[in-house]
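First, one chain by itself in structure tokens, the form predicted alone.
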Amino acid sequence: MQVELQLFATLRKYAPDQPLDKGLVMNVEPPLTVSILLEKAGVPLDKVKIIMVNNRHAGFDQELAAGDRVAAFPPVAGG
């Protein structure tokens, strides 16, 4: 099945071929969770703070279906 993974900010270094305007389309076998997808993409889980699946907040144990869009963000700080 295909899912889209979009990495933001410092996480982009784990997907240097990711287009700026969309995520990486990955072909993966079910069953699939966010944590499995990130591990397959080579993204260390301890570097991820915020996860969105289809524009909704999710966790590492969120199960994914074909066509899902996953966005991952590192911790952010600001003033």
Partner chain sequence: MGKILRVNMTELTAKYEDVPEKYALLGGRALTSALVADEVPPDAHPLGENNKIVFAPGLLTGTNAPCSGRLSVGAKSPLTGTIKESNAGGITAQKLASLGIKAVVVEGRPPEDGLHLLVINEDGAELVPAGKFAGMGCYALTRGLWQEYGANSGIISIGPAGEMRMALAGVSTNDREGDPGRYAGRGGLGAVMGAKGLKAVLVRTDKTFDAPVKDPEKFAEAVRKLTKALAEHPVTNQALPAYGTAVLINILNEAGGLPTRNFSSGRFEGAAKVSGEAMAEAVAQRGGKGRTGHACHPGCVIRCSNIIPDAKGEVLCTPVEYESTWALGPNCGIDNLDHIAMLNRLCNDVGLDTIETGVTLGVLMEAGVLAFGDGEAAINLLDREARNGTPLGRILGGGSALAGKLFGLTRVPTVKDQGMPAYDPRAVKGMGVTYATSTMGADHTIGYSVTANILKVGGFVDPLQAEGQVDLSRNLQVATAAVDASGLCLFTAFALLDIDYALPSVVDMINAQYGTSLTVDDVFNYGKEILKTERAFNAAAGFTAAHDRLPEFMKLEKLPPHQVTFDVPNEELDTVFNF
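Positions refer to the first chain, counted from 1. From a predicted model like this one, the values you see are computed outputs, not experimental measurements.
Keep in mind that the form predicted in complex with the partner chain is not shown, yet the notes after this line are about it.
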Task: Partner proximity in the model of the complex: Val76 to the partner chain, non-hydrogen atom cutoff 4.5 Å - done: yes
Open item on the list: Taking any heavy atom pair closer than or equal to 4.5 Å as contact, tell me whether Lys40 reaches the partner chain in the model of the complex.
Closed with: no
Task: Contact test in the model of the complex: Leu45 vs the partner chain, heavy atoms, 4.5 Å - done: no
Task: Met52, heavy atom within 4.5 angstroms of the partner chain in the model of the complex - done: yes
- [ ] Could you list which residues of 55-69 come within 4.5 Å of the partner chain in the model of the complex, counting heavy atoms only?
- [x] Asn55, Arg56, His57, Ala58, Arg69
